[in-house]
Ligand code: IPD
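For reference, the chain that follows is the form predicted alone, supplied as structure tokens.
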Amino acid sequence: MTHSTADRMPAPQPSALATRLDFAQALARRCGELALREAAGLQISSKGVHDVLTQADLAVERLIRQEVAQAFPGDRVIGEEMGGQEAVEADGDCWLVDPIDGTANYATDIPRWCISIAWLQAGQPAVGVLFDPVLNRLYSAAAGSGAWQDGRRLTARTTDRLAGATVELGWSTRRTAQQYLGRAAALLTAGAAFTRRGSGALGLADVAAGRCDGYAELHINGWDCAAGVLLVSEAGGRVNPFFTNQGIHSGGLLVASTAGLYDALLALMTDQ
């Protein structure tokens, strides 16, 4: 398939973002290769109910931290597995990374996981990169420059009604089963279908790519969604204002969807 000039990668962003975008894309591919190698002889431990950790998560986050320290000395990093400089404020700059998003899938050989690397500038995602090593898909975005998959511009769907829409509904033990089932029932009652596939980052990429109409989760952490939030926004979708101090440090509600579906989906997710 050929693409028009308008669908090709844009001119480079301003140097600070362009440099970090190029860096994050190359690093995400290296991290994906490392995770694939680590999959042989995998060692799994538990962080909690339905929350697993593998040596690959740690190895990938170490690599990210080492490479950031070398390329951008002094840059702050917040990662899922090793914490980080948690004093970053909502108006600060930092890297926000999930070495393997979808670890439970990764640990059980389900091909639905990715590397998530984001750069926050003034507290908001300004660079976002996801790499899906299994499908060899590289997603990338920089603020104001669109969302891309392997050089192809991404555009969210135009769906504007819940009836007939498909929404991925993320889940975690940080909210009760009753809360989760209540939102699932509300989606079905509104005529929507819902899925759950175990990677919030890739769920957001699917919204940006037009494969799904929305992604919602009653509680998600910032490292899981930072890159994906930027992808959706740059693809013409809408996302609730997640990146506050609470969002960065302790997570919260996430609603991301087509522009036309957003108000209805947000109302459904907050009507509790």
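The structure displayed is predicted, hence computed values, not measured ones. In case it trips you up, residue 1 is the first one in the sequence shown, and so on.
Although not depicted, the form predicted in complex with this ligand is the subject of the following passage.
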Margin query: Counting only non-hydrogen atoms and a 4.5 Å threshold, tell me whether Asp98, Gly102 and Gly200 all contact this ligand in the model of the complex.
Written below: yes
Notebook entry, point to check: Of the listed stretches (171-179, 152-160, 121-129, 69-77), which one has a non-hydrogen atom within 4.5 Å of this ligand in the model of the complex?
Noted result: 171-179
Margin query: Give me the residue from His219, Arg29, Arg62, Arg211 that has a heavy atom within 4.5 Å of this ligand in the model of the complex.
Written below: His219
Next item on the list: Decide whether Asp224 counts as a contact residue for this ligand in the model of the complex under a heavy atom distance cut-off of 4.5 Å.
Entry: yes
